[in-house]
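Before any questions on how it binds or moves, here is one chain, the form predicted alone, in structure tokens.
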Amino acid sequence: MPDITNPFWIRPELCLTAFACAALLVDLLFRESVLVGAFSLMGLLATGYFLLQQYGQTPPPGHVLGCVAVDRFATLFKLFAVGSLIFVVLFTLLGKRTRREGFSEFYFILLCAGLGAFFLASTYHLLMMFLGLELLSISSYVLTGYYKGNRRSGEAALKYVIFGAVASGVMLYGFTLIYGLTGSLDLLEISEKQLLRAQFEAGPSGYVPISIAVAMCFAGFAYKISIAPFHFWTPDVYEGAPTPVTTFLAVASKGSGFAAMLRFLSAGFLVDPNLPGNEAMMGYGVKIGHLVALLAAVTMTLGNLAALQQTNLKRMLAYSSIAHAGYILMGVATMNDEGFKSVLFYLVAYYFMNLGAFGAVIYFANTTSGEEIDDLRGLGWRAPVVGVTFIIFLVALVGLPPTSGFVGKYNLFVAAIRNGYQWLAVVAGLNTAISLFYYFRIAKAMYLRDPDEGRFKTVTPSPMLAGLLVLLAFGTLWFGIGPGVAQLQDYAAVSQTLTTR
């Protein structure tokens, strides 16, 4: 691919970098966390504006600086990350505990994490992919332990660092093996010049080193998106981290991890079957799809069964996040455009419903100062607007109509069935039924428990936070009805950019 020298195409990255540095200076000068948060919000809005402009334009073929892709796939996930960060900043500003703790440097680190997510989602170059992952991961480690003096937060950060360091090292070994086998770190160059062809033509002796390299790389992606058996860090980290940080990890960080995985798999194994020498690579891609399907079944089953036993809201949503990673892997397992399209749509649907669920947790935590399901007894009647929006998010997480969760799961099921994974669709259907039990335990506590049993007779009003939840609920319903579903074709065009060289 040719190199694009015009810096116009990386304006969003430059804008976010400038505002991150400026936010650090504002903090040093004024030491006022609310001001730093508002300034960071301005930077995110400006970055989002540039991304929206870029999404509607057709970039020239090539990469900026030889390694940063500017296709619509990258722009979509950058918008995904920026949109998540905007809500995370707002949740932080409106959270009672985060206001009391005085988050200042927090915003600088959060913007750096967003920059890492940008590069992770927009590169075919293995070195840049690793650097983006590390910038995102290291920033996330610091954010997780941001409650100073809190033992649970510190323990969560330590576990995150240990698991993350091991996963990053394993992934780096995988990248090194690929470089040793091909002499290149550019996935597109490896694919276009068929640098792996000799390995596949060598038979089993060639498959073994490639399989080891791919397995190591996949382990790094699996850690980032909480796929079993690389999920062990997730419940403790989600529970111990500040809730806005948990929201970021569950939405933006997971979305960027899936973006990098799709790029890696598409560049390596979604090749033109009509070209000579590609048959073996296509066949190997099918085998990878079988492995991903097995991991999907294990991940969704483990996540749902473990969530049944949880009494803490954030810990339950952590296992729910693991289960949803399993659902998304159904689309990845197809190893084709149809499945990848369904993955993109489900991630957008997941954006609204998961942000909303964690926002509702923050809203009620402002009153209860707790995160247990029993703390919600009767609060649905005392905060009717937020209670109804919370129910909408839970219905979407289950995958019931007329929400975006239903449409997203339907497309994943169709993609799986059309590509020979009927058994996986059956497993996903059974897991969806299981999820009804733990999601609606929350609804039971909010509406079917006597309000007088609750310890909190009133709910601290937060009109702005309630308004954000209403907005997210609207998005959850919008993508579950006609106008939102019609945009599915747009995601098909975006997913095709991965295979259009």
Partner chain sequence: MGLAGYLIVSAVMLACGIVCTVARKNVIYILMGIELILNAANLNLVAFSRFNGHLDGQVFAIFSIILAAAEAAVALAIVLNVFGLFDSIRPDDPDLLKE
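Numbering follows the first chain given and starts at 1. These numbers come from a predicted model, not from an experiment.
Keep in mind that the form predicted together with its partner chain is not shown, yet the notes after this line are about it.
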Revision key, fill the gap. Checking S168, S266, T368, T301 against its partner chain in the model of the complex, the residue with a non-hydrogen atom inside 4.5 angstroms turns out to be S168
Practice item. State the residue from I190, L270, L295, I138 whose non-hydrogen atoms include one within 4.5 Å of its partner chain in the model of the complex. Key: I138
Practice item. Tell me, yes or no, whether G183 is in contact with its partner chain in the model of the complex, where a contact means a heavy atom of each within 4.5 Å. Key: yes
Exercise for review: Answer with yes or no whether L127 is in contact with its partner chain in the model of the complex, where contact means some heavy atom within 4.5 Å.
Suggested key: yes
Practice item. Classify G240 as contacting or not contacting its partner chain in the model of the complex by the rule of any non-hydrogen atom within 4.5 angstroms, answering yes or no. Key: yes
Review point. Given that the partner is absent here, does G154 sit within 4.5 Å of its partner chain in the model of the complex, heavy atoms only?
Key: yes
Practice item. Would you point out which of 353-361, 171-179, 326-334, 114-122 contains residues with a non-hydrogen atom within 4.5 Å of its partner chain in the model of the complex? Key: 171-179
Check your understanding: What residues, if any, in 289-317 have a non-hydrogen atom within 4.5 angstroms of its partner chain in the model of the complex?
Key -> R315
